[in-house]
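To begin, one chain is listed below as structure tokens, in the form predicted on its own.
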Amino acid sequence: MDIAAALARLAPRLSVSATSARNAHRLSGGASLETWAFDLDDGTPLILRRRPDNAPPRDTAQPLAHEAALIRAAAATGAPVPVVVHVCEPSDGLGEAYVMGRLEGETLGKRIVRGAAFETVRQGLAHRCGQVLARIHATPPETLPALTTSDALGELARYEAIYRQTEAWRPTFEAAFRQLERLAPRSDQPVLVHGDFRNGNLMIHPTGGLVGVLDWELAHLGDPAEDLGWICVNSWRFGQWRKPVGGFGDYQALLDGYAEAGGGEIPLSRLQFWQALGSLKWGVMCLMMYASFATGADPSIERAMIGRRVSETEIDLVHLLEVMA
């Protein structure tokens, strides 16, 4: 498929002053979806997000038309998200895809948590993340496309089933499944949960701070504390382990920002439950990636390297389970 040519043909539908597109190039990153940057000839910078024609099905992923609808619904609540410009139709020749505005900033976690350029915005970033999550969680359910609903016990059961399929025996994981099962909170009023709110999916500007929440393919209805816990998983801190929120902030700043923006009071114990479940889920994912490497299904060195991180999640779980005991 000639992406550049298809974008050039689509250009007049994306802007009344455009006649063509230029500089189309695929960006790195994204395991299941493609991201392309391009410019219209009237100077408008845009992003194409598309599912490759040969992409394997994912039972947890939203159709991209639903993802675009989610972004629009979150934007209406005041959440910082890209502007959805166009949802592609079959006649556009781009497959399952949509076009959105291109934001300026950084998504690489290591640069965000360590770079001198972000030193000033890092100071208030955890608080800002709390505010943004409160806006996302306030999205009216009637404005959303059809979404799956998940709770703590459901997530535990799903990941334990995946873990059993690996036929691994990890005592720390065994203990974590049982303890988290006993501590699982109930969520009586599920809200829109981003599902992957963390470094890598947050666009951070050196002076503007958090300017965009990206990658909505895992969005669902669930416990609001799930998003708050996920950004605190140690694997997303890029070595800044003393700062539990994304490697740049503290728990209280996150919770204060959330409450001040109307998200309500969430106990730290509930956040840490979801943080522990997040570490466990990531550990199971690491096991799966190593298994794909070991069996030859995916011989890339990246899969082997990620597989080695199982031990990191076990260390995190031991600490969290002690805190929660």
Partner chain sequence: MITCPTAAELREGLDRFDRLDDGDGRHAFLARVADNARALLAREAELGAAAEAGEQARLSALLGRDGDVQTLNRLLCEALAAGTLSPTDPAVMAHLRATAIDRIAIDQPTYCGLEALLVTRA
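Quantities reported herein were computed from a predicted structural model and do not represent experimental measurements. Residue numbers count along the first chain shown, from 1.
In what follows, reference is made to the form predicted together with its partner chain, a form of this protein that is not presented.
Colleague: Please name which of the stretches 131-139, 250-258, 97-105, 228-236 has residues with heavy atoms lying within 4.5 Å of its partner chain in the predicted bound form.
Modeller: Stretch with heavy atoms near the partner: 228-236.
Colleague: Looking in the predicted bound form, is its partner chain within 4.5 Å of a heavy atom from each of Pro171, Gln179 and Ser311?
Modeller: Contact check passed for all of Pro171, Gln179 and Ser311.
Colleague: Even though the partner isn't displayed, in the predicted bound form is Ala8 close enough to its partner chain, meaning a heavy atom within 4.5 Å?
Modeller: It does not: once its partner chain is placed as it appears in the predicted bound form, Ala8 has no heavy atom within 4.5 Å of it.
Colleague: Do Ile3 and its partner chain come within 4.5 Å of each other in the predicted bound form, heavy atoms counted?
Modeller: Result no; Ile3 lies far from its partner chain in the predicted bound form.
Colleague: So, Pro52 and its partner chain: in the predicted bound form, are they within 4.5 Å at any heavy atom pair?
Modeller: Pro52 lies outside the contact set for its partner chain.
Colleague: Contact with its partner chain in the predicted bound form for Ala294, defined as at least one heavy atom pair within 4.5 Å: yes or no?
Modeller: Ala294 belongs to the contact set for its partner chain.
Colleague: Check each residue of 294-313 against its partner chain in the predicted bound form and list those with a heavy atom within 4.5 Å, in sequence order.
Modeller: In sequence order, Ala294, Pro299, Ser300, Ile301, Glu302, Ala304, Met305, Gly307, Arg308, Arg309, Ser311, Glu312 come within 4.5 Å of the partner.
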